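Taking the form predicted on its own, here's one chain by itself in structure tokens.
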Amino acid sequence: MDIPGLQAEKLTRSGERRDPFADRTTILELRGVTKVLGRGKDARIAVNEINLVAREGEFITILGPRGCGKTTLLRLIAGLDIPEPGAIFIDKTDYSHLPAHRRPVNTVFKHFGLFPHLSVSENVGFGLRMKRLKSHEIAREVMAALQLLDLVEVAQRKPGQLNRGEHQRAALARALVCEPRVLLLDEPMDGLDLKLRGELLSKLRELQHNLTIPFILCTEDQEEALAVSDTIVVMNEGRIEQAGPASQLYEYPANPFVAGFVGRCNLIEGRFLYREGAEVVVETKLGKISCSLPDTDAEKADQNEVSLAIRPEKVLVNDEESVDNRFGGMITEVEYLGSETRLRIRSNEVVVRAAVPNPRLRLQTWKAGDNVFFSFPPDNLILMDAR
């Protein structure tokens, strides 16, 4: 059974395959980019044959767990490392073996890198002075960058006098003032509190809307990726597992890794039983579960080990007896979060997570130990090969 093919058809029918950047100019292109770290028996492939394009005005987030290769990939684009093999094109020019200072790329690092002895305005104008621009040109460009990042009031302060949000915005201003063709962001929200993180995310999105260059953000934080990205690239063990719009990765993950890493997800292992038209039936520890897929002539195969995925907010709790995929279980954990209540339900050694909206002016009365019924709407289940 061609599960990827079935999922692709479902995705196409939903309209989620439309690429809003398809007619935009390609600014950055990676072709087969690979990087091996270490030598001899300690050698490991940190980045493995990456192909990627960044188009005009596109906000791309490279998302993955620590050690997946995302920071190495960012360093390769910046020119801090050289691909072995592979090619990196910017505006159709091959920059693969040119050093960082000869690439039209700027990077905002996790720890900012502002010069502590210079004021904010002096830090912002540093790159322009290296380009030997005239003083009045530097002053004009620096003021424009300070205004863009809301830094005019702190322009004469030293980095040690700034809060974390101001510090990060100053680093952004310094990176943008030289008008790079690509802006790279290496976990810029790391260490910021929730309020500053939200402010910086809003500022990044505002900047991205106003500028035509692609932004490439590197992060482990799923919420950051979902909040700002036009395209999310999920990496694991040096490879791209899936790339596409946030909604596509959330609603149609390509495999269990992506389903579990982009948002919360229930993954239920099972064995393919049979297919009738648009319905596929899978045997699981909960019992038989049916899910709806496009009606194609895909090859049928018995004994396939598969995974079913469903997001917690799409699990129905205490539903009617007539619905499909209905099971009983016991609540083991209740988490009230204001807008929703999250439940963990155990049924036949399977733990199912559900997120139920809280109706206005009515409190939910669930508690640990309660027995409930829950169901999986067939249209909301995702079928994928097990890993």
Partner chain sequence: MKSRNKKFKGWSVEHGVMMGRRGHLWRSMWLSGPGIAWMTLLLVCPLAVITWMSFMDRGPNGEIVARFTFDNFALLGGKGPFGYDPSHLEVFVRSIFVGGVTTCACVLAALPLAFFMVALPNRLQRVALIMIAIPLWTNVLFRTYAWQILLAPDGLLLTPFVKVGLMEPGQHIYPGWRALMIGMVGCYLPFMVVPVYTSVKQIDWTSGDIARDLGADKMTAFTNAILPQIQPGLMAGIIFVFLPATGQFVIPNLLGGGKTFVLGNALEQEFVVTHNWPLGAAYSVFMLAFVAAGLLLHTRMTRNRQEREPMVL
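Numbering follows the first chain given and starts at 1. Here the rigid core means the biggest group of C-alpha atoms that line up within 1.5 Å when the two forms are laid on top of each other. These figures come from a predicted structure and were not determined experimentally.
What comes next is about the form predicted together with the partner chain, which is not displayed.
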Checklist entry - Does every residue of H101, F126 and R129 put a non-hydrogen atom within 4.5 angstroms of the partner chain in the predicted bound form? => result yes
Checklist entry - Can you pick the stretch from 217-225, 199-207, 102-110, 252-260 whose heavy atoms fall within 4.5 Å of the partner chain in the predicted bound form? => result 102-110
Item to check | The single option of I289, L149, A78, V317 touching the partner chain in the predicted bound form, heavy atom within 4.5 Å | outcome: A78
Checklist entry - Which residue among K158, R275, R271, R239 has a heavy atom within 4.5 angstroms of the partner chain in the predicted bound form? => result K158
Checklist entry - If you check in the predicted bound form, is C178 within 4.5 Å of the partner chain, heavy atoms only? => result yes
Checklist entry - Would S121 count as a contact of the partner chain in the predicted bound form, using a 4.5 angstroms cut-off between non-hydrogen atoms? => result yes
Item to check | Contact of M143 with the partner chain in the predicted bound form (heavy atom, 4.5 Å) | outcome: yes
Next on the checklist: Against the partner chain in the predicted bound form, would R174 count as a contact residue? Criterion: heavy atoms within 4.5 Å.
Outcome noted: yes
Checklist entry - Core aligned, does the CA of E122 move at least 2 Å between the shown form and the other one? => result yes
Next on the checklist: How about L146 - superposed on the rigid core, does its CA move between the shown form and the other one by 2 Å or more?
Outcome noted: yes
Checklist entry - With both forms fit on the core, is the shift of the CA atom of K288 between the shown form and the other one 2 Å or larger? => result no
